[in-house]
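First, one chain by itself in structure tokens, the form predicted on its own.
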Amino acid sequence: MSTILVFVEHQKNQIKRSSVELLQAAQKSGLKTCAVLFGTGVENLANSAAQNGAQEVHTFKSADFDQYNPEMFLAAMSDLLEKIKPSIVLSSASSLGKDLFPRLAARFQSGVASDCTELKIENGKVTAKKPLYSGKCFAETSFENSPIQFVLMRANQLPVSAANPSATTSAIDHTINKPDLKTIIQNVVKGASEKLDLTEANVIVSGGRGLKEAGNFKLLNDLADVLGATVGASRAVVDAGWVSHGMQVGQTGKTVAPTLYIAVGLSGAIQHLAGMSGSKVIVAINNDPQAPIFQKATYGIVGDLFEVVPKLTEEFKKVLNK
């Protein structure tokens, strides 16, 4: 039987939703589903992986894997692929995935389909759909003469059902001979925000130049706090230094696909639309009725955001606090 290997990403002792999507999709294929996790303490996530579809869980729990180092991860993944010989490898199209898996694909003389939004697995063969030209069209991709089919999926694209609480498994731990590293990660400085990363968020409130100055992002933060949302931004306000680059949504920022995307003071440039057009419901707030964002919006509010957003915040407080 063919094997699917899912590269599982985790945060704060929980498997990320994007990886849960892939585990469940792999299980539905009927093929043997394996998972791999990296970092200290990941053995505690083995049962969570099993509850979402993994029949076998592999771990590299050395502290050497607590921070991403491409040389370490490449060596470990290469060793694991040689051992279990999967025909399909699935990963989220995160910054880590986009860095690691092209390296692996080159090493195994295989193809890689990146930034995919739809996935179909039949008889051990993968067919995936991915956007091209900033989402203006889509391509259906498959693999030919590829020993391993590497697929990187955008987050929030696949359905997630309830986990099976009775499923359990024991982790199979692996070690490697540490390669002679050319690069050493000394430290990673992360932002102070406790909110979900944009790529994982189910609700996003995003702001553009219509906010006029950095201090007015407080309006979005207040609304996001009520909704349990994450705040995003356009490239223009990031370039202006109003917010950090980690908040940027768009072609040169993060690609997101939340259930609800609220665009505040955003005109809807094509580069921004490329990063959020996969959202299930888009609500646009802008005082220009001709703004391109309204062409993509599910619902549109033509009005002054400085009046509309505080009123929305108050109304959501009333509804959600009932």
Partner chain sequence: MKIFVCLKQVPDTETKIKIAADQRSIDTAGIKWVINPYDEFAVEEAVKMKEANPGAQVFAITVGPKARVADSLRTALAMGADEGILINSAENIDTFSTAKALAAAITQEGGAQIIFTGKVAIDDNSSAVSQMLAEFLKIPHVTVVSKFSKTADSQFTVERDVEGGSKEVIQINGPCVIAANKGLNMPRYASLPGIMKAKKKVLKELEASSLGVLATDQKVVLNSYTLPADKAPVKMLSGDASSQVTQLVQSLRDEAKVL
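Residue numbers count along the first chain shown, from 1. On a predicted model such as this, the values are computed, not experimentally measured, just so you know.
Not pictured, yet referred to below: the form predicted together with the partner chain.
Exactly one of the stretches 166 to 174, 207 to 215, 79 to 87, 134 to 142 approaches the partner chain in the predicted bound form with heavy atoms within 4.5 Å, and it is 134 to 142. Contact check for K32: every heavy atom lies farther than 4.5 Å from the partner chain in the predicted bound form. By the criterion of a heavy atom within 4.5 Å, Q55 is excluded from the residues contacting the partner chain in the predicted bound form.
Contact check for K120: every heavy atom lies farther than 4.5 Å from the partner chain in the predicted bound form. Contact annotation for N221: none of its heavy atoms lies within 4.5 Å of the partner chain in the predicted bound form. This chain is drawn without the partner chain; in the predicted bound form, the residue among A229, V112, M72, V243 with a heavy atom within 4.5 Å of it is V112. Contacts between 271 to 298 and the partner chain, taken as any heavy atom within 4.5 Å in the predicted bound form, involve Q271, V281, V283, F294, Q295, K296, A297, T298.
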